[in-house]
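In structure tokens, one chain follows: the form predicted on its own.
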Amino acid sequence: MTAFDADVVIVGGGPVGLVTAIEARLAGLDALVLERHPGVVDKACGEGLMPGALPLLARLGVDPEGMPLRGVSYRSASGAADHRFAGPAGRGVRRTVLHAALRARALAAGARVERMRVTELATDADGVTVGGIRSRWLVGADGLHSTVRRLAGLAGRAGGVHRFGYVRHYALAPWTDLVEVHWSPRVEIYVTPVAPGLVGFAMLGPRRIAFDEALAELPELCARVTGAEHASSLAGAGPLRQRAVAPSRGRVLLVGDASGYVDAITGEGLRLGFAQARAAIASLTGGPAYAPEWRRITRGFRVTASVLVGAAGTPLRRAIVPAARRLPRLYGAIVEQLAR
């Protein structure tokens, strides 16, 4: 009989990887998380949990502190288009706060977390071996530039415009309970309140654009941050557009950004990642096959995000906010679909 060190090894100890570990423990599986960084890890990402993400976390016994998010506002020099959620609010949560809450819950649930950089893996009919560790299944939750995706032969070619993300926090009292998305000719800046005296600015744009230079193109935001202290160093990530040829192969499954990523333009990456984690573990314990469930979960996001990202890279970019203002019902319907 083959000896296993764990039922499932999860490579990547970020929020989606930790949710995968909690799901595994709730399903009665022995879970081991391999993460190359120690402790709680910060990174460049959007920090808005859409309303659909909060019930997924509550089911796991996780309720991180943050600020209520009651809708989305698209803003440009031509005006603003606001939509308030029809149902419960979302929440702005600092990445480190969310990570700490999920890590504590995973450990309390009995998951193990070990520090390791994964550089190789081998699969066979019975299981997966990674770094000398033997498991029945392996879940890659190791982000945009997933090593598991590459080693498993699942990396696809991502065409189109390559955009990058940059994040900085300001010591400011939040002035709104909406996620503000400010559109300039070159970038979008997502403004998310994450604590009573803390606001996150996440910018999407070209690789080498200077954050302050891009911010200067948005006078409304410049006025907000004048004199405000930086509460975090500028962090970056990208290129954001990544693709997998499939979300699984044999005994290897991909969740979160590792399974393919279009853009953060719709602000729902965590909700999708949490739903994928649940579907992945369910597939290991008699539930529906993972690949079709992954496609079902991500279908609406992939279509909407691809359309928005495509438009943002063309002269149609200038029409996005005016169109949202002229068609509030359509705009609202899109926001509601993405939020839940």
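Residue indices: 1-based, along the sequence shown. Worth saying up front: this structure is predicted, and the values here are computed from it rather than measured.
The protein also exists as the form predicted together with a small molecule; that form is not presented, and the subsequent description refers to it.
- Shown without its partner, this chain lists A291, V41, A282, L26 as candidates; in the predicted complex, only V41 has a non-hydrogen atom within 4.5 angstroms of the small molecule.
- When the small molecule is considered in the predicted complex, only one residue from C45, L54, A275, M67 comes within 4.5 Å through any heavy atom, namely C45.
- Within 4.5 Å of some heavy atom of the small molecule in the predicted complex lies at least one heavy atom of A237.
- The small molecule is not drawn, but in the predicted complex it has no heavy atom within 4.5 Å of P247.
- The closest non-hydrogen atom of G90 lies beyond 4.5 Å of the small molecule in the predicted complex.
- Among residues of the shown chain, M116 is one whose heavy atoms approach the small molecule to within 4.5 Å in the predicted complex.
- If you check the small molecule in the predicted complex, you find no heavy atom from any of R75, G200 and F211 within 4.5 Å.
- With the partner omitted here, the stretch from 79-87, 103-111, 222-230, 137-145 that lies within 4.5 Å of the small molecule by heavy atoms in the predicted complex is 137-145.
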